[in-house]
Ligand SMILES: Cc1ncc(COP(=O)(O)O)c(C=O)c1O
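One chain follows as structure tokens, the form predicted on its own.
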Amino acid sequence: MTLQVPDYIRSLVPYVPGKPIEETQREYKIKKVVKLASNENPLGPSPKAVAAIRKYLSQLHRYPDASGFGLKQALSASEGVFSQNLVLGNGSNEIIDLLIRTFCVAGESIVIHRAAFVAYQICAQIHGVSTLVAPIDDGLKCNLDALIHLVKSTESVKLVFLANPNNPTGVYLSRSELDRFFREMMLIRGGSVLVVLDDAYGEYITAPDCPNPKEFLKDYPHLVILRTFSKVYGLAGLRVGYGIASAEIVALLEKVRQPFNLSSLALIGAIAALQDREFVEESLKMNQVGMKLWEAKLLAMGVPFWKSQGNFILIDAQAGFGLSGVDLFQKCLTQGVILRPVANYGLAQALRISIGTPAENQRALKVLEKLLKR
């Protein structure tokens, strides 16, 4: 018997996560494996979060606070917004799904650009929503004029997704570019199209002209900002994300959000992590030092890369090694180093490398230097 499911579900290509360390150890019989594939914090989780979670373990028989009151209060203070402007998600991925479920119906559309985070398109397809894709330039930056044209010319567009900086490329849109973009968007259908600015890597930004997306909230009321505890706070395993938007947008998302979508441990850990400024500063410093090391070594090796504002760097495997990103990934795997091919983003020539600890960076660089000599 053939199961009856919509064509858009049957044709769906699921998200492919970074290869696990344990799987690589089993497959290649290597004990020491370095994983620089999933943009995780190499320092581990926030120590204050770990301590708070341990203290709470005896309360696991209680349901979580479905409203997330404590975390919203903490975020309200740290972000400078009201709690009614915050929605909590099981990772920011859940909020992407919530936005599409709330504001789109099957047959409508979202707009992204090529080489954007694949979760946007996956979540859209799950709900029978089509994805229109704007081109990118030679520097892998979104062509905003082409994106605006797609929104103008397609009445079915309800949401635009932009990550700044973008994953997996690390490139960013400047303050002036985004300011012009929002002014143009206000002229389209009364500014009613929702724009989602994904700020997952915002803490890592060092470029002075890369703006805080909250700068645009006042002038563009249909803006939604996504943030996460998975990166700089080191809580990827807890799955905590949040959105910042108008009270009207948040109230609608809350109607769709499942109760208890965040566990008690996730709520407790995130509240504590927000107070762990020392850990955040240490994480940012390690990333900056590691990024400078990777840039210097890649330049010395003659391997092209794209300047990144995240905690990862994208290299041109084809130009540097004469290999596709997948082939270079496979060769590094046999040496116990897990990197991230991005062919599923339409970048078959590229390979993404997360910034690790000094020891992890040196190990990965040694493997790449060895392959380059071959």
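Numbers follow the displayed sequence, beginning with 1. Keep in mind that what you see is a predicted model, and the values were worked out from it rather than measured.
Unshown form predicted in complex with the ligand; subsequent notes refer to it.
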| item | value |
| --- | --- |
| Interface membership of Lys231, the ligand in the predicted bound form, 4.5 Å heavy atom rule | yes |
| Arg239, heavy atom within 4.5 angstroms of the ligand in the predicted bound form | yes |
| Contact of Ala163 with the ligand in the predicted bound form (heavy atom, 4.5 Å) | yes |
| In the predicted bound form, Pro213 touching the ligand (heavy atom, 4.5 Å) | no |
| Stretch in contact, per heavy atom within 4.5 angstroms of the ligand in the predicted bound form, of 106 to 114, 85 to 93, 169 to 177, 71 to 79 | 85 to 93 |
| One residue of Ala200, Ile244, Cys123, Ala270 in contact with the ligand, assessed in the predicted bound form (non-hydrogen atom, 4.5 angstroms) | Ala200 |
| Heavy atom contacts to the ligand in the predicted bound form at 4.5 Å, residues of 252 to 281 in sequence order | none |
